[in-house]
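Below sits a lone chain in structure tokens, taken as the form predicted alone.
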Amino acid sequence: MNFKLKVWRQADHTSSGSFETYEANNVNANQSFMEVLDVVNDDLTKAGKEPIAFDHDCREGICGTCSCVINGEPHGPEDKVTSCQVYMRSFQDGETITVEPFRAKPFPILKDLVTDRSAFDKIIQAGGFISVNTGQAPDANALPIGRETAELAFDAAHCIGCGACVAACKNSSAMLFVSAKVTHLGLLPQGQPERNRRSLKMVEVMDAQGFGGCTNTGACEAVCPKGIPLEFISRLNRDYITASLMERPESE
């Protein structure tokens, strides 16, 4: 298979960028998209040119580091996979594939396809923790949790913080990400002491980082590689309203 890759190149955050086109020939249909970028970079390096900068780590769809926009879709055309799990059989032979970084003000471009997503880290630091001692692994059996609640908490914990939800939203909203983190800990007994504070602080930091409001269009859910549902945003809204009322000063 042969492809043309139309890749966004940008030297740094302060520079203006543009698309550059590269040839990717004799590609195996079972190669991943990241592997093709590796091959293109090998050719660029041999030619004495600057290779394409892109993030990656596990290449197993676990970490979300590889996040980029492929043909206008965060993580590409496949359903519920990260960019590293997109294989070239998903494209037509001879196709021109456009690759660019996530476009969102809170995710400034560092270089080429690499963005700074530390805004998510700041949100986690604001409330993504519990203060109780969870003990050792056997101690988990001493605190019964209903199956439905446990499975829902696990569903929320699947969020890998890749930022696809932000890239897909026309308002660059991080509500799906925040709702997953708030729901994960808010459903479990260990997360109750900080439940109100968590909702208020994480939303506060989310707003301070420049993320927009939820558009209710469902674009975030559609591109989430882990299938985080919109239902969690409703849970976050309920927790936030409840926490706002309970934490209101007595003088008001």
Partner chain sequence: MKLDPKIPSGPLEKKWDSHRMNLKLVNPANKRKYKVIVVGSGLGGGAASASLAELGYNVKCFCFQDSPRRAHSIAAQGGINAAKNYQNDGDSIKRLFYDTIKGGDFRAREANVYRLAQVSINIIDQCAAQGVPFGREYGGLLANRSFGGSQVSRTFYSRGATGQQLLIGAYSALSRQIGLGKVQMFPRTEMLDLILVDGHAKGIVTRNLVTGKIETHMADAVILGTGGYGNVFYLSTYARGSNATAIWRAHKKGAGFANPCFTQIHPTCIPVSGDYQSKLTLMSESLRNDGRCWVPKAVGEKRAAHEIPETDRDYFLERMYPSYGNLAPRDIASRAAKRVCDEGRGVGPGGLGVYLDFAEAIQRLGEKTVRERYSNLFDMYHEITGENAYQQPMRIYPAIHYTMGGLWVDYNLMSNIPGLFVLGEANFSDHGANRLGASALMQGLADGYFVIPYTIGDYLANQKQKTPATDCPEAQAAEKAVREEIKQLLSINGTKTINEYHKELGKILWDHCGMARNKTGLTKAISLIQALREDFWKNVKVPGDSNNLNQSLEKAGRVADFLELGELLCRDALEREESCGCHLREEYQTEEGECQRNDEKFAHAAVWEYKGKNQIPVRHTEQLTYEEIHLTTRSYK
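Residue numbers count along the first chain shown, from 1. Keep in mind that this is a model prediction, so the values were computed, not measured.
This next part talks about the form predicted together with its partner chain, which is not shown.
By the 4.5 Å heavy atom rule, the three marked residues T45, R117 and L143 all count as contacting its partner chain in the model of the complex. Partner contacts here mean any heavy atom within 4.5 Å of its partner chain in the model of the complex, and among 165-173, 69-77, 92-100, 147-155 they occur only in 147-155. Although the partner is absent here, H184 sits close enough that one of its heavy atoms falls within 4.5 Å of its partner chain in the model of the complex.
In the model of the complex, at least one heavy atom of E50 sits within 4.5 Å of a heavy atom of its partner chain. Proximity of N30 to its partner chain in the model of the complex: non-hydrogen atoms within 4.5 Å are present. Mapping the unseen interface onto this chain, K201 falls outside it, with no heavy atom inside 4.5 Å of its partner chain in the model of the complex. Of the residues in 44-63, those that come within 4.5 Å of its partner chain in the model of the complex through at least one heavy atom are, in sequence order, T45, K46, G48, K49, E50, P51, I52, A53, F54, D55, H56, D57, C58, R59, E60, I62, C63.
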